[in-house]
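The chain below stands alone and is given as structure tokens, in the form predicted alone.
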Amino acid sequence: MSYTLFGANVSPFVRKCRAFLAEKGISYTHESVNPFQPPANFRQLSPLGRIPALLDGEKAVADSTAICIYLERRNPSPALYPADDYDYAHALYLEEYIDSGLLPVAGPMVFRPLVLGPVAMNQPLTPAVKEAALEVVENQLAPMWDYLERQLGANEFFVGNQLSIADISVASAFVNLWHGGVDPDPGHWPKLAAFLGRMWARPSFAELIAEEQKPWNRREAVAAV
């Protein structure tokens, strides 16, 4: 089988799929696609024009959730979805919590002004822009982090105490915040902060984060404002 994954590597949805492929030990080709300037035929792969899209031979699969489920069914070992029915449902919910809850806030209201705007859109990072983004973190993202902290409990992973799509989804989303110098305070969210450190140290994430250092890591620039 021959897989090609399309999408910009800084997208948390593309990163999720790439980390999933790495944890599976699946070889693939990655083709970078800018969703704002996609190639002419991209909607044949992704009807909504969104990234990522996967091509398996002549079969196209769009949407990161659909892609990961497809890859799991095609490559069941090692399993990255829980076998228990409730755990399976909970892992899917946590993925959706990130995809439809956290990222629609973190992306346009934090990552975009702190990272994407200055890097790709010629939008200066000013003290007022930074203050507005950090206000979103405090008022909107922090309660979501509280939920994730409670969900971890005393466990190393979110569901069934073994690596699953839930862990990959959470870890991927927080990389974009990290690029913008936004980190869960270990004093307030010790379990979540430790979890992210463990996940990002895994080769599946460490290699992707290293790829993104230029131009996306804006931690020093944000701190200097």
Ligand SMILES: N[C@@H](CCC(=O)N[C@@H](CS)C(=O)NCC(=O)O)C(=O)O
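The structure presented is a predicted model; accordingly, all values stated were derived computationally and were not measured. One-based numbering along the sequence shown.
What follows is about the form predicted together with the ligand, which we do not show.
Engineer: Pick from I51, V61, L196, V182: which has a non-hydrogen atom within 4.5 Å of the ligand in the predicted complex?
Structural biologist: Selected residue: I51.
Engineer: Which residue, F13, W216, F20, F205, has a heavy atom that falls within 4.5 Å of the ligand in the predicted complex?
Structural biologist: Checking each option against the ligand in the predicted complex, the one that comes within 4.5 Å is F13.
Engineer: Pick from 166-174, 153-161, 186-194, 31-39: which stretch has non-hydrogen atoms within 4.5 Å of the ligand in the predicted complex?
Structural biologist: Answer to the contact question: 31-39.
Engineer: Is D99 close enough to the ligand in the predicted complex to count, meaning some heavy atom within 4.5 Å?
Structural biologist: D99: yes, in contact with the ligand in the predicted complex.
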